[in-house]
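Just one chain is shown here, as structure tokens, and it is the form predicted on its own.
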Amino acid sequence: MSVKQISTNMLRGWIDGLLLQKTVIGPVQHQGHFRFESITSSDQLALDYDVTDLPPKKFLLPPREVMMTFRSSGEFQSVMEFHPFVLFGVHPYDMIAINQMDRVFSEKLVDIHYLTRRNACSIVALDPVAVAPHNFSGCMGTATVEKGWDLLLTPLPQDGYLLEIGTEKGNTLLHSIYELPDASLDQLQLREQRWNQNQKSMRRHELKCAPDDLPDLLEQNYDHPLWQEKSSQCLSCGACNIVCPTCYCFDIQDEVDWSLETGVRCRAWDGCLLRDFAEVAGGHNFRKQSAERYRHRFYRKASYLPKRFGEIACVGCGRCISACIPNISNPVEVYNQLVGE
């Protein structure tokens, strides 16, 4: 639509105004770490953050959510959350991950629970000014983002931001601000410089091949000894799954109260690195060995899902690298070793 300029003071005043109408969720600092959470004041926002411990997907696909209530008499009722909220300060790589999840939950088997929450959400994306220790989104083509957001903020070198309006929903969010000045040509050039800089600097691990080459690379290395070598140290803790912005697997359980009269059906995050993830009735496990589970994670990200959706399901946030205790989850390290051999 259009690109405006907004001062830092006006931005914070606008956010405080939004808080009177909607829930606003954004990056907040806690003891040197950042996480997305509901705020009560714009002063809480840490818009210079590098990466959050968990991705913002947790507000679209919660770690645990009740999907249905039921009674022993046979009555049941679906549970739908529809509370308008704003996800503020979403970095490009996380925005691209949300775009992928939108496709996953809207094609073929439509997930009404996810889509109801997603439609209630407005997203304000934010170009980063700091690079996380393990971020390699520049290698994956995810250091910048063109779509999915309703508003896009780009910090200016001095004071203020450029604010691009991407959707009518984003335009509606700005109804309380009148006559924001248009961005100047010089400011648009500064934004272009910021994008170019991020594409170069957000490469803390350098991938030795193009992302589009990864499906063929994996196709040729299914039985490579690397899978056994790396997985021998794997704790099967699933941390890499839990922190990943493109992991969407979940488990569904019915929970009945002590009276056996009422209960809930809920779903919770699950992960392919967990020992019982591929276990079925009768105790059979399709991926009983850790090497099988470890390999599956990489094939899912860079082979199976690209064949289905045409996109690599790794956005280079680096969270899995930080979360892995034995330090074996770095995708770039794995792919580069396969390239080198």
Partner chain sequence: MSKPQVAIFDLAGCEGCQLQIVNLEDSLLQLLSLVDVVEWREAISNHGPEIDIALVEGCLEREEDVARLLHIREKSKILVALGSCAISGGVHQMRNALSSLEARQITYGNNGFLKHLDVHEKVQSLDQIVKVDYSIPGCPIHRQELSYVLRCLALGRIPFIPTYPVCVECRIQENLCLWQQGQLCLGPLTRAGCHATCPSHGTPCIGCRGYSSDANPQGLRQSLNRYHKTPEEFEHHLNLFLGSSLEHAHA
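Numbering follows the first chain given and starts at 1. It should be emphasised that the depicted structure is a prediction, and the values quoted were computed from it without experimental measurement.
The protein also exists as the form predicted in complex with its partner chain; that form is not presented, and the subsequent description refers to it.
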Quiz prompt | Listed range touching its partner chain, judged in the predicted complex by heavy atoms within 4.5 Å, from 79-87, 142-150, 118-126, 238-246 | solution = 238-246
Practice problem: Only one of 182, 192, 254, 212 comes within 4.5 Å of its partner chain in the predicted complex by heavy atoms, so just point that one out. | Solution: 254
Exercise. Counting non-hydrogen atoms within 4.5 angstroms of its partner chain in the predicted complex, say which of 234, 104, 207, 156 makes the cut.
Key: 234
Exercise. Please check if residue 21 has a heavy atom lying within 4.5 Å of any heavy atom of its partner chain in the predicted complex.
Key: no
Practice problem: Give a yes/no on whether residue 308 approaches its partner chain to within 4.5 Å in the predicted complex, heavy atoms considered. | Solution: no
Quiz item: Taking 4.5 angstroms as the cut-off for heavy atoms, does residue 33 touch its partner chain in the predicted complex?
Solution: yes
Exercise. Verify the contact flag for residue 324: yes if a non-hydrogen atom of it lies within 4.5 Å of a non-hydrogen atom of its partner chain in the predicted complex, no if not.
Key: yes
Quiz prompt | Candidate spot 53, 258 and 269, all three touching its partner chain in the predicted complex (heavy atom, 4.5 Å) | solution = yes
Quiz item: For the stretch 170-189, which residues lie within 4.5 Å of its partner chain in the predicted complex by non-hydrogen atom distance?
Solution: none
